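Encoded as structure tokens, the following chain is the form predicted on its own, with no partner shown.
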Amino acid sequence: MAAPSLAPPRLLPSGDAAITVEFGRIIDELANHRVLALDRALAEDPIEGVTETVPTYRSLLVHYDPVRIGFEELAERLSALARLPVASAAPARRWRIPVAYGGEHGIDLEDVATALNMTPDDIVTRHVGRDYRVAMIGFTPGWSYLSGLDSSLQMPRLQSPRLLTPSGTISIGGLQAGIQCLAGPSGWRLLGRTAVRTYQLHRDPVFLLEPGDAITFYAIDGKQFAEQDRAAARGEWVAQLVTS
């Protein structure tokens, strides 16, 4: 049976040295798979003049050197690649990430439980019971946007974002779950905290997680978090790589 035809992406100039290849306008699993497939294709068979690619949920930003390749030629080649059937990716790396839920580590857990007419334990059970996928990395270094959130846990973001939230925060916002690496502002609901450093400048690799990686969470207590946080600060891996 022939593979179903795919809608052509929109190709949008982004300044004079980048093209946005847009596969959709909403968060969508198929669109994200197409983004990552095109990103893989460009990594495996580079186009002369392309200098960097940046995958997001629904689009791929392709930076290029306009002296080495022009917009029209690059757009034509990207369009052709983007309309090919989405090839199966290699088996995803799977990570198990520890989380200390609630209390000082997850200051919104009680409010989320109340709003959803559940107990905090219900929220934790549903949160750890899902398989997530890293859809994109962005906002700040190592900030991992995850698809796969249980629909019963979907909540709008805070009306007034906090100006500072802790590093390692595990949070939810709308349809998404997230892992925040560095301390910074956030309007997401904070359920817990992990000692895992998804970004460390002087570590190899600098970024622990990559788009397409599979993620599961498991609960730990505050004492375990403190021990793991000290270990992670020394550069030790706290996340468990289950498959690669």
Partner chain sequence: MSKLVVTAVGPVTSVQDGGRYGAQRYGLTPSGAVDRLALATGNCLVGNPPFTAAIEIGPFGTSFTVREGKVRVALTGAARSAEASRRPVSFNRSCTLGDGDSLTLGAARDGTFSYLAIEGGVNGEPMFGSLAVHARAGLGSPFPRPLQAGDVLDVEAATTGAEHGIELPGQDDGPIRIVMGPQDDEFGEATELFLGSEWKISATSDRMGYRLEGPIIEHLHGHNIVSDGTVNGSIQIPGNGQPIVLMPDRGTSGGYPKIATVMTADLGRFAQIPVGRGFRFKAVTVAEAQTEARAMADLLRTLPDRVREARNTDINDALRNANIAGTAVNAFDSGTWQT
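Numbering follows the first chain given and starts at 1. Small disclaimer: the values here were computed from a predicted structure and weren't measured.
Below, we refer to the form predicted together with the partner chain, which is not included among the displayed structures.
Screening 167 to 175, 137 to 145, 99 to 107, 76 to 84 for residues having heavy atoms within 4.5 Å of the partner chain in the model of the complex returns a single hit, 137 to 145. Contact annotation for Q224: none of its heavy atoms lies within 4.5 Å of the partner chain in the model of the complex. For S186, no non-hydrogen atom is located within 4.5 Å of the partner chain in the model of the complex, even though that partner is not displayed. Although the partner is absent here, G15 lies within 4.5 Å of the partner chain in the model of the complex, judged by heavy atoms. By the criterion of a heavy atom within 4.5 Å, S59 is counted among the residues contacting the partner chain in the model of the complex. Contact with the partner chain in the model of the complex, judged by any heavy atom within 4.5 Å, is made by just one of L182, I47, A41, A219: L182. Relative to the partner chain in the model of the complex, residues T20, F71 and L209 are all within 4.5 Å by at least one heavy atom. If you take 157 to 175 and check each residue for a heavy atom within 4.5 Å of the partner chain in the model of the complex, you get nothing at all.
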